[in-house]
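Presented below, as structure tokens, is a lone chain in the form predicted on its own.
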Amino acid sequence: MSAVTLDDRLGTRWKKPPLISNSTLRWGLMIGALIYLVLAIASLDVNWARVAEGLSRGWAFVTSFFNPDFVSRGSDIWDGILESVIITITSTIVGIAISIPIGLGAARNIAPLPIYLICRGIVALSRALNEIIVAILLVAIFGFGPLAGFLTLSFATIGFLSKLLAEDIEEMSKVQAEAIRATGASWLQWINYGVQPQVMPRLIGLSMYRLDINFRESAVLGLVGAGGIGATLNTAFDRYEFDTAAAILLIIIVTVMVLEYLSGIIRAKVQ
């Protein structure tokens, strides 16, 4: 900046420059965005009478959280929670067991190209399909029940964990791995002593994170017939038993918070 320009600006308040310097283009984009927003809102087909009717139900649902009913359908809630816990734990364990070899194969720095492409294809397929879509498909194949939920969450765990594990392996330090390889170790020994110690804390943390995701997802999958507490929750909503629905949601929230707390403790222990 020249001395003249600096002298001109001394004593004047600094003003942040606009994101788009051309004022015509800037105002044109803002007006265009505003027109699009107005047209988009106007295109919505809203039944205001139904909205007004639903507001009272919504308020009843909100107030039910102050008086949740854990007793009236206590046995159903307990059965649903137990089924969700079983689905969550089994699907997480199976998903992790399958994810580890796929994650190793999907890491470009340790896997040959054909295996890398196959494993990356499996990861991409798992991540491309939403859990709800997979659950609906599996319910159509295997029928209503926890088996569809177990298979859905195992499938989702593979895509989630394999991708993050592969990325962690690709970013690991090469020094330790090369040092183990230089000793003449076999491939399994190289993975066990050169790779595994570097990614194990991250793998445990991700596994705990996936565990609480699977518990939350098991509640959602129950809405489409894949078992778990979601089926009980869906029944409560269908019967307008908001106090029971509130009790189920509170149990889910508390369980997820406990899992999150345990996850933090375990991650701190292994790191």
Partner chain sequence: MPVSQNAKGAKVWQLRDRNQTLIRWSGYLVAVAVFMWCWQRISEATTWFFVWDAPRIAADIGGRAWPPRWSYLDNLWAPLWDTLNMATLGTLLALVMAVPIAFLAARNTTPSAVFIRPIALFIIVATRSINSLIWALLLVAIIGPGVFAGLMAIAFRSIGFCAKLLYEAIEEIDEKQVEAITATGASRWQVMAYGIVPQIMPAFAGISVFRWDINIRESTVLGLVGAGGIGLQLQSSLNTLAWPQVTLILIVILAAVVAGEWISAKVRGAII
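Just so it is clear, the model here is predicted, and its values are computed rather than measured. Numbering follows the first chain given and starts at 1.
The protein also exists as the form predicted together with its partner chain; that form is not presented, and the subsequent description refers to it.
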query	finding
Exercise: M30 in contact with its partner chain in the predicted bound form, heavy atom 4.5 Å	no
P146 within 4.5 Å of its partner chain in the predicted bound form, heavy atoms	yes
is_contact(L25, its partner chain) in the predicted bound form, heavy atom dist at most 4.5 Å	no
4.5 Å heavy atom contact, R216 and its partner chain in the predicted bound form	yes
Partner-facing stretch of 67-75, 173-181, 107-115, 136-144, counted where any non-hydrogen atom is within 4.5 angstroms of its partner chain in the predicted bound form	136-144
Candidate site E167, W190 and S263: all three near its partner chain in the predicted bound form by heavy atom within 4.5 Å	no
In the predicted bound form: members of 86-109 within 4.5 Å of its partner chain, any heavy atom	I86, I89, T90, I93, V94
